[in-house]
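The data below hold one chain only, encoded as structure tokens and taken in the form predicted alone.
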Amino acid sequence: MTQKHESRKKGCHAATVLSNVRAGECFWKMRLRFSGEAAGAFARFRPGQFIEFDTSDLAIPATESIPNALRDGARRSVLLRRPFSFSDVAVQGDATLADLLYCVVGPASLRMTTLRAGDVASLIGPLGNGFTVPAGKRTALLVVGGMGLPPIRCLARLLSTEHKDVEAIAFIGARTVASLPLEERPAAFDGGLSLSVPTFATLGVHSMVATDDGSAGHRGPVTECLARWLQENVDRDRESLIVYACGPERMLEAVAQIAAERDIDCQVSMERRMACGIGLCQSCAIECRVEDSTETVYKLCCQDGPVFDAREVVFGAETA
């Protein structure tokens, strides 16, 4: 089952915004700087862990800057923090820098776009349990669905620095080329299946892209790319393979099934509405199997996850 990390110091921290720029049709990338005690806490951040970002006191953008689809709800009060996972974390001297890639989908993320260099953000973290790299693994298959990219990108960084003997291959999927959460724009894609995506190429990770409408890479779900690769590399030792995935739950279920059919280890980062992030509200329950039993139990995404062994998750189950 999912291995938990040792206890790490978490708390409410202040982070200085170094930059906050648009990185696509509805995507923004924010770089944060942690200093002092927070720098130490986030230096130990593991891919797949998350933070809870406070947007309650942030300004509402000028009306002309608000997308039409969000204008009706833009002025709604935002009381709860929002969970995010970093796409990159790096220690720089006595500070820790972190990149937060986010999509503007509602009043909270809309307010985040008003932060400027020098502003201070309040967040709680590091929270939850992230991805682990078991001994003996030689090939990591990284599966991304839409905004599932940040923790997978962060994992790719970890593999490139701490597990250099592990070959990593990324499978990136989205509805259209415009909805790929990448800083590089459509001109970077030539329509082929196997593409050099700078987001991963800079880490030495080969990439495959899939879009539902075929506007970039493979036409169809990204899981078809994963299944094709496994079929073409059927001679690989399954014990040396591991699959990591983050994205919509239907995609995670398909990835888990593909891995289970081939008896390949698989870790999935689950998505739930985590209102508090510390296990108090019980809003992020996930039904899980009990090892060597027909019984199931409910675990909390924010404390037991977000990363789970795919074998233990009961997909399609209603949350408690």
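Just count from 1 along the sequence shown to find any residue number. Every value quoted in this text rests on a predicted model; they were computed, and no experiment measured them.
Beyond the structure shown, there is the form predicted together with a small molecule, which is absent from this document and is the topic of what follows.
Only one segment in the set 203-211, 82-90, 168-176, 114-122 has residues whose heavy atoms sit within 4.5 Å of the small molecule in the model of the complex; it is 82-90. For the three marked residues, G24, L182 and G217, no heavy atom of any sits within 4.5 Å of the small molecule in the model of the complex. Interface residue remark: G106 is counted as part of the site for the small molecule in the model of the complex, having a heavy atom within 4.5 Å. The closest heavy atom approach of L101 to the small molecule in the model of the complex falls within 4.5 Å. Contact check for V133: no non-hydrogen atom falls within 4.5 Å of the small molecule in the model of the complex. By the criterion of a heavy atom within 4.5 Å, R272 is counted among the residues contacting the small molecule in the model of the complex. M147 is the sole member of M147, L230, L97, L241 with a non-hydrogen atom within 4.5 Å of the small molecule in the model of the complex. Checking H163, R138, R236, R76 against the small molecule in the model of the complex, a heavy atom within 4.5 Å turns up for just one residue: R76.
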